[in-house]
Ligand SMILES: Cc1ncc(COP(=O)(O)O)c(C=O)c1O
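First, one chain by itself: the form predicted on its own, in structure tokens.
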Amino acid sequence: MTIDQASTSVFPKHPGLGYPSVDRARGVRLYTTDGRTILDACSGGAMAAGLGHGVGDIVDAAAASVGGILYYYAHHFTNQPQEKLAERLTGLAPEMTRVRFQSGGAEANETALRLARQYHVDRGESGRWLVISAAQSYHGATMATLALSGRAGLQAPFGPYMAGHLHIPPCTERFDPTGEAALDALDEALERAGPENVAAFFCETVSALSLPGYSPPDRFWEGLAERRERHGFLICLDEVVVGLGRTGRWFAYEDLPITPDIVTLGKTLGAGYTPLSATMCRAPVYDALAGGSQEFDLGHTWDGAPLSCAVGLAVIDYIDRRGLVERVAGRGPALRDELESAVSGCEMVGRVRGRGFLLGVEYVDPRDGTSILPSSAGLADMVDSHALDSGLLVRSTPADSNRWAGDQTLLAPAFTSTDEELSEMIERFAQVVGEVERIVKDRLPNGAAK
């Protein structure tokens, strides 16, 4: 059955829409109460269920934890699951020496912001608070994390609550393939802010919904590291979506020519079985606080909870034992090629990107093959709704008013997806894009959306 606003007490995201009710799930299949089966090509829709649905090992770990310590507040105590999970993460990321656990990605990113701020305060540079970040980005839905994005469509109507951070355009293939223009923009932002007032540069290592599968070229990262050394700000990398295997590495920053100061994780860490995220930092960041104020006064109710951390340990063990990072690394390049081939006949497809099991399709106006479609075309919503009608779950995002990217679709299958399931996802998606393209072309006969 479909749940609409007349038949629910839930406050939905879109009050005017009806929502299918999912009854159960197994692997990469969702089953609705009205008998439909949906192929999950987006790890639960929020890129979180990276191991698929119904993994017994994870469920057993959660059940065992519930039978022990149910809850305590991290302000007063620690516990063995938290200690072991922190040790496991720092073992996988030896550049990082401390871990703080939270419930979700936005909390992890807000913790990173506060950590960067307090690092400078404890070192006697209290004037540093501004953040420079990539404009075409997404870091969470809290007021603090929304301010990190330069996408006006995300921030409206909450602009009055946003901090006055600075943003630079993305160095994409469309505008800045070398990264030099982005570095120039970074220099301008530093000059405008005064480098002595800048606390951090914040960005996604590999972008998810904002620019699926995109990462700046090495020249940008190298230039960013040079400016960190010169001006003293921190580099914070958001790996909420891509951390723990999605790009074929335990951490996506392993492929970069820099070492970040702070890294955030989420999504796959709890794998959809529990709310869990983490903020990791290098020793100099922690040492500044430990030798300064000796306090980091930030706490959320479920930080470091034994149940969540026990699940996180089971998730990492499962990924490691099954060789899933290696699986994603080995299968990812061919998967991207298969997706590109499947949609190659669509004039509406501009670019196909891919990093491991994070794939992105960026759309263009089919009339010229390069322009961004007008927002009135409603392309992103059309792709998602047609996909769902075809029994396929994907995530699309519309072009923002800044026009740095067109409408896009993200595919983020579970690491456990079989080759047959991956092929089925791509085949269905290509059919959806072909259907939507025919509709879009029909609506744009005279050079303007109807």
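The numbering used is simple: start at 1 and walk along the sequence shown. Worth saying up front: this structure is predicted, and the values here are computed from it rather than measured.
The same protein has a further form, the form predicted together with this ligand, not shown here; the description that follows concerns it.
Site test, 138, 241 and 267 vs this ligand in the model of the complex, non-hydrogen atom cutoff 4.5 Å:
Yes, all three are in contact.
With this ligand left out of view, which of 106, 185, 352, 324 would have a heavy atom within 4.5 Å of it in the model of the complex?
Contact residue from the list: 106.
Select from the listed residues 394, 28, 47, 405 the one whose heavy atoms reach within 4.5 Å of this ligand in the model of the complex.
For this set of options, the contacting one is 47.
Looking at 333-341, 106-114, 153-161, 90-98, which stretch has residues with any non-hydrogen atom within 4.5 Å of this ligand in the model of the complex?
Of the options, only 106-114 has residues within 4.5 Å of the partner.
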